[in-house]
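Encoded as structure tokens, the following chain is the form predicted on its own, with no partner shown.
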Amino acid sequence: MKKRVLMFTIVILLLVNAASYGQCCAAGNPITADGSASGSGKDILDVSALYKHSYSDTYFDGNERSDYKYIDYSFYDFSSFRLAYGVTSKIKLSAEIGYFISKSQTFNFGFDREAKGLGDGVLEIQYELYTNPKRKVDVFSTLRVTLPIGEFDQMNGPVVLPIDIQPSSGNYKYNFGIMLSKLYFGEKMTVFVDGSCEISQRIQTNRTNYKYGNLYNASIYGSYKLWKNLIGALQVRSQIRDRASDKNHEMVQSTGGHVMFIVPQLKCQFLNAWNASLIFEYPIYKNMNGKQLTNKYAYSVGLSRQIDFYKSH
């Protein structure tokens, strides 16, 4: 089992150096996980809400900044609501729904495009593959399905808005992942290593025929208990995506690339079962295929409540 976990970790780290894709905006819910998803917790219900703001105003060509300007800047304001429940000690089920308060592009010739509305629904099952209480090691697998239940093919008068600012994905996505966690220093410090692959289905509507490239994520995340109810954390995340394909199934050249983020976080527990979090995402490396608008920064504010039904009984 240890050899399998080690091999998988090596493969994920190799993927980080592959040539794929990462863009500032894409249809559907953005990545909102803080990198620390963990065990099920039998009979425990987690209720959480999150707000995320992202801003992009810089073009990159390869790994160099470009003076090219078409979109002056782009941003979105996103919110989500999530429920997660530990069915058994090994299995956790969760459901998420997203909503875009605003998703906007401002062009350098003074023209704006904006969309808003219901995003995607997400269903996930997490399973504990391996646990070693003595060594304080756990390994989990995840399967996530994205459901395009929200707004897609929104119009701006007679014109269909660009795919990148559509609230919903317009297609199903299937995400497979694995995560390893380890506790240190009397459980004051936790380290997570995880990797996932998201397979996008082709968008086929009356107005759109397009396929996003598959997305690969790998991250390492460490948290440390700074004080009684305060936790500081740092995550390094790599996102790589294959080139997209058009209606003729031909590769779209100015899509695809590799972006790495550094993600500092603060978490605070209060009133026993409540948690608040502040997350900041900053890209530290970009290597894009062709000229693409890239993310400048993003931040998230989250609030969650944990209900232990087992203890209440």
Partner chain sequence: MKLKLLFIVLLCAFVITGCKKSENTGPVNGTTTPKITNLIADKTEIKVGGEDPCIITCEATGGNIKYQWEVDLGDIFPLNETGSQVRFTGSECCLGEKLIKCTISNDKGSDEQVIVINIFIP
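Since the structure is predicted, the reported quantities are computational estimates derived from the model, not experimental observations. Residue numbers count along the first chain shown, from 1.
Omitted from view is the form predicted in complex with the partner chain, to which the following refers.
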- Message: Does any part of S56 reach within 4.5 Å of the partner chain in the predicted bound form? Heavy atoms only, please.
- Response: no
- Message: I'd like to check something about P133: if you look in the predicted bound form, is any of its heavy atoms closer than or equal to 4.5 Å to a heavy atom of the partner chain?
- Response: no
- in the predicted bound form, K225 touching the partner chain (heavy atom, 4.5 Å): no
- Message: in the predicted bound form, does F109 come within 4.5 Å of the partner chain, counting heavy atoms only?
- Response: yes
- Task: Could you tell me which of 273 to 281, 41 to 49, 260 to 268, 64 to 72 sits within 4.5 Å of the partner chain in the predicted bound form, going by non-hydrogen atoms?
- Result: 64 to 72
- Item | Full three-residue contact with the partner chain in the predicted bound form, heavy atom 4.5 Å, for R207, Y210 and T255 | yes
- Query: Among the candidate residues R113, K182, R237, R144, which is the single one with a non-hydrogen atom no more than 4.5 Å from the partner chain in the predicted bound form?
  - Reply: R113
- Item | Option touching the partner chain, based on a heavy atom within 4.5 Å in the predicted bound form, out of V137, L93, M155, L230 | M155
- Item | Stretch 160 to 184: residues contacting the partner chain in the predicted bound form, 4.5 Å heavy atom cut-off | V160, P162
